[in-house]
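Presented as structure tokens, the chain that follows is alone, the form predicted alone.
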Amino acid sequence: MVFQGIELRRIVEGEASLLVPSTSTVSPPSSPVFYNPRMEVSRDIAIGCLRAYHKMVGRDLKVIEPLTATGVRGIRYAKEVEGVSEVIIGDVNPLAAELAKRNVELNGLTGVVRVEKAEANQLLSTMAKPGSRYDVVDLDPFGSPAPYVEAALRALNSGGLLMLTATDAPPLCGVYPRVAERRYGGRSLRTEYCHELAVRLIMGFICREAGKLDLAIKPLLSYSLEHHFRVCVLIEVGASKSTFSFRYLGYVEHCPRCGHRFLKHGIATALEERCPLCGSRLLIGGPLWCGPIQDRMFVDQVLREVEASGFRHKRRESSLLSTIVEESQAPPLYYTVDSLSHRLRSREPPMTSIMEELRSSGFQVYRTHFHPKGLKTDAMINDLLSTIARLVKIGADDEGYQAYQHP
């Protein structure tokens, strides 16, 4: 099928039947209308989030998705989430808006889903006045969501849900820290745990944007998957609540020499200049969110929703969410086995052996979804390195052990 010069194909995702460009793997700058099949897992989890949120608030939901492209996300919300009474999807691209309308008609949702041809901030701004606000805003841009966050916050009811995607991983992961400073108002660091820092930078940015409007945030779910980051936060109205949220802002201090790292709460706090373990100069990242980034009860409910679904990627999604449930009670800032072993110039012992050894020494330790070889623990870097040294039987005369003792 050809639509305004675009070759289309018909696909099924979830319960939705959709017309998408045959060249859907081409990125947005090269494609008139973009559809990314690799984001199906993210969209499935978003369905689980909306189902969990609906059970939390116990009322019908009005949803707005202002960067819709083919309309897949908003259409799936209308078809697959009980209690969604109204969805507005929009796109500034006239071809995308027209194709989204066709997909709405194809799925029999004309009375539930409305398509608007409008720039995202302009569309969100029309929902900002009392009585016109929505319960859920989902930002799914190509690149950074930062330009749309303030308008999204203004369009939300008190107790509303903000979900957003960020695909600008290089700035958020420390490759282009100056770009992160411009977009998110915080410096990123290029470390082995940069994916968690990326999520914390995004949340810190949302918190500060919310603070301008006397709004507070409560993180419910966040994750890193393949090329993108996904954040889901509850928005609450009130100056005192907003002030309380700001207590979770702060900085990460990282020692590139010995690997020690820690979070320092307070957006206007005194920072350490030297590492307390080896005396080297510390690197500073942030400001960022230093508080919890998962709500265990919410994630557990999302997991149950996914497990009860018919999603074709259910096993992968359940595995991801199960790990997040486990790590929701873990200390912040993960370590990776490969980076620890590299510091000792040793082979990598099995992850399970390291975790068992740490637990037997009285430490907390959890896996993390952020990295396949990552673990979160309350052990210090020297405890981790000595644990690995014992497991691989490094002796006191070994070169790697000497380097660890005198970084």
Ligand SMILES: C[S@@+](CC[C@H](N)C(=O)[O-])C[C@H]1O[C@@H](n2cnc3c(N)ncnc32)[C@H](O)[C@@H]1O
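All residue numbers refer to positions in the sequence shown, first residue = 1. Treat the numbers as computed from the prediction; the structure is a model and nothing was measured.
The discussion below concerns the form predicted in complex with the ligand, not included here.
Engineer: The ligand isn't shown here, but in the model of the complex, which of 258-266, 139-147, 184-192, 317-325 has heavy atoms within 4.5 Å of it?
Structural biologist: Correct option: 139-147.
Engineer: Tell me, out of 295, 86, 80, 119, which residue has a non-hydrogen atom within 4.5 angstroms of the ligand in the model of the complex.
Structural biologist: By the 4.5 Å heavy-atom cutoff, the listed residue in contact is 119.
Engineer: Just to be sure I understand the contacts: of 72, 249, 161, 198, which is the one whose heavy atoms reach within 4.5 angstroms of the ligand in the model of the complex?
Structural biologist: Flagged contact: 72.
Engineer: If you check in the model of the complex, is residue 109 within 4.5 Å of the ligand, heavy atoms only?
Structural biologist: No - in the model of the complex, heavy atoms of residue 109 and the ligand never come within 4.5 Å of each other.
Engineer: Would residue 43 count as touching the ligand in the model of the complex under a 4.5 Å heavy atom rule?
Structural biologist: Residue-level check for residue 43: yes, a contact with the ligand.
Engineer: Report yes if any heavy atom of residue 92 sits within 4.5 Å of a heavy atom of the ligand in the model of the complex; otherwise report no.
Structural biologist: Yes, residue 92 lies within 4.5 Å of the ligand in the model of the complex.
Engineer: Can any non-hydrogen atom of residue 67 be found within 4.5 angstroms of the ligand in the model of the complex?
Structural biologist: Contact with the ligand, yes.
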